[in-house]
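The chain below stands alone, shown as structure tokens; this is the form predicted alone.
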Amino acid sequence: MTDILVLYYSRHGSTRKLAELIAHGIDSVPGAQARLRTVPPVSTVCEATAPDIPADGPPYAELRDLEECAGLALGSPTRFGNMAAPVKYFLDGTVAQWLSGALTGKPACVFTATGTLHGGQETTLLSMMLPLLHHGMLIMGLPYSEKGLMTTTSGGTPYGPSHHAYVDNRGPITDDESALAMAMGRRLAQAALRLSGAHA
């Protein structure tokens, strides 16, 4: 089986739901399997520590997850039109993988959730692409052959799956958002299999 890493940070659960849908899309492709991982929050208190294992959900990512994966889906909630600090902090620690070229030539996609419809979905997705481009990854988006891009009234962009969660996080994942997230997972897995020599 070819492992595809779905790496994300989620504060209130919306980005996690998208990650799970992308993972479902990956798992639907024969020969591919999703490896769900998250990153811990960043504390402003220097002495603060968190358990090595999260209380719930997937394990925290390790750098070897990046080295072992055949493709990457990277997700973050928006923070003023940018990726959240925990995602940036994790990526800032990948210099060794950059120097070794561990991610060069692997396909990648990005996804996000926002509290407001125009709260920076596209700029957040673009901000997450930048370090992946520096790693030499092959950035993938969603083509308009995915009909949900034309019908969605909430999340979903050609730059990657997204979700409009509303300010109080009460917004459920819509049918279009769900379909686009799963389509992204399938597309990523198929590309990873082709690039690694297997065919999907």
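Position 1 is the first residue in the sequence shown; the rest follow in order. Worth saying up front: this structure is predicted, and the values here are computed from it rather than measured.
As for the form predicted together with a small molecule, it is not shown, yet the points below apply to it.
- Could you confirm whether A113 comes within 4.5 Å of the small molecule in the predicted complex, counting heavy atoms only? Answer yes; at least one heavy atom of A113 falls within 4.5 Å of the small molecule in the predicted complex.
- Query: Can R186 be called a contact residue for the small molecule in the predicted complex at 4.5 Å between heavy atoms?
  - Reply: R186: no contact with the small molecule in the predicted complex.
- Item | is_contact(S178, the small molecule) in the predicted complex, heavy atom dist at most 4.5 Å | No, S178 is distant from the partner.
- S43: heavy atom within 4.5 Å of the small molecule in the predicted complex? S43: no, not in contact with the small molecule in the predicted complex.
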